[in-house]
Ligand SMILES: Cc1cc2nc3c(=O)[nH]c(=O)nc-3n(C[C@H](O)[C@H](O)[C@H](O)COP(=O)(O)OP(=O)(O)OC[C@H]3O[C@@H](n4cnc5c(N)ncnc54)[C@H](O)[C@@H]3O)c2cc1C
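One chain comes next, on its own, written as structure tokens: the form predicted alone.
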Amino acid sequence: MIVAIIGAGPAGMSCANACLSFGLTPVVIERGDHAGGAQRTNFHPNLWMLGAPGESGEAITGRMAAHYTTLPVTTRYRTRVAAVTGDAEGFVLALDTPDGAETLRAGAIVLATGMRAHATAELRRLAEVSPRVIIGPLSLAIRDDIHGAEVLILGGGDNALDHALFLAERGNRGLVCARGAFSARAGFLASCRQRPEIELREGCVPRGMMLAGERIRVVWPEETRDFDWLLVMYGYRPNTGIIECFAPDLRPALTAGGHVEVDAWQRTRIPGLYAAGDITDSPQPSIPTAIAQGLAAARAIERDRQAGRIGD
């Protein structure tokens, strides 16, 4: 049975690998040109992976992708799912590929499209015209390009303060603006307050942002300041836009937080449709969690096929 796996991050790669063990035929559909997902640009040590102390998300997923590319798995890179409909045998996926439109028939689908960094429309427009506006923490530019700079960081969680500390240790000065109260862990807050290079402000909402040459001009009611870099650390949102191309009767239910709703076996309410990784509401999103959920989804497909709940 063909299993269409949408997304080649840790969950998608894990699911494809497990499908091979269970006698299934995975076909992975990836919009980008490589496997590994967003973690390929995560230069921070991954604290959740036992057995790989200090290894970055970039290194971990690079190692996983290297293994994945040796597997007998069909991967359709630079391919977008344009529409998903159903028939008596399962699902029909209309694909936009580099070579034109194609059709894929599958007995099951696994959604593994992960999450994306959250930002307002204004901030996304600014990021489109300036490489010095970075949305989310997964950017090698933060590690490689920011030196001796004035940096504005929007956000009040762990990522915002962790990056303020990271940049302060490399000769930068940072202003961290939280829309409300800071929600970061106490240890991050205490460490930031001890660094003279870091200024923390609560209830700090800019009225406007614009380019001023190569710098970013930010306007508050009480002042206007120019910064060399702007980092947006407003957290993540599940990347569920993919379900808009599904026929209405095939769209999975979403949780209150916008994640795809699944059971303990990664099943959605739609027979034959599963989801794994950060697109689901995991108690602790991480690479190990995504790997485990990808495996569970493949096992569920095998069980459901044997029980006659989904076809061949």
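The structure presented is a predicted model; accordingly, all values stated were derived computationally and were not measured. Residue numbers here begin at 1 and follow the sequence given.
Beyond what is shown, the protein has a form predicted in complex with the ligand; the following relates to that form.
Just one of 175-183, 202-210, 114-122, 84-92 has heavy atoms within 4.5 Å of the ligand in the model of the complex; which? Answer to the contact question: 114-122.
Which pick from I142, V218, A149, I242 sits with a heavy atom within 4.5 Å of the ligand in the model of the complex? Checked against the cut-off, the match is I242.
Among the candidates I198, A127, V73, L138, the residue which, in the model of the complex, approaches the ligand to within 4.5 Å (heavy atoms): Of I198, A127, V73, L138, the residue with a heavy atom within 4.5 Å of the ligand in the model of the complex is L138.
Can you work out whether R31 and the ligand are in contact in the model of the complex, taking contact to mean some heavy atom pair no more than 4.5 Å apart? Output for R31 is yes: heavy atoms within 4.5 Å of the ligand.
Is there any non-hydrogen atom of P285 lying within 4.5 Å of the ligand in the model of the complex? Judged by the heavy-atom cut-off of 4.5 Å, P285 is in contact with the ligand in the model of the complex.
Test of understanding: in the model of the complex, would A4 fall inside 4.5 Å of the ligand by heavy atoms? Contact check for A4: no, nothing within 4.5 Å of the ligand in the model of the complex.
Any of the heavy atoms of N42 lying within 4.5 Å of the ligand in the model of the complex? N42: contacts the ligand in the model of the complex.
On the criterion of a non-hydrogen atom at 4.5 angstroms or closer, are G12, A38 and A276 all touching the ligand in the model of the complex? Each of the three qualifies.
Could you pull out the residues of 64-90 that have any heavy atom within 4.5 Å of the ligand in the model of the complex? The one in contact is T79.
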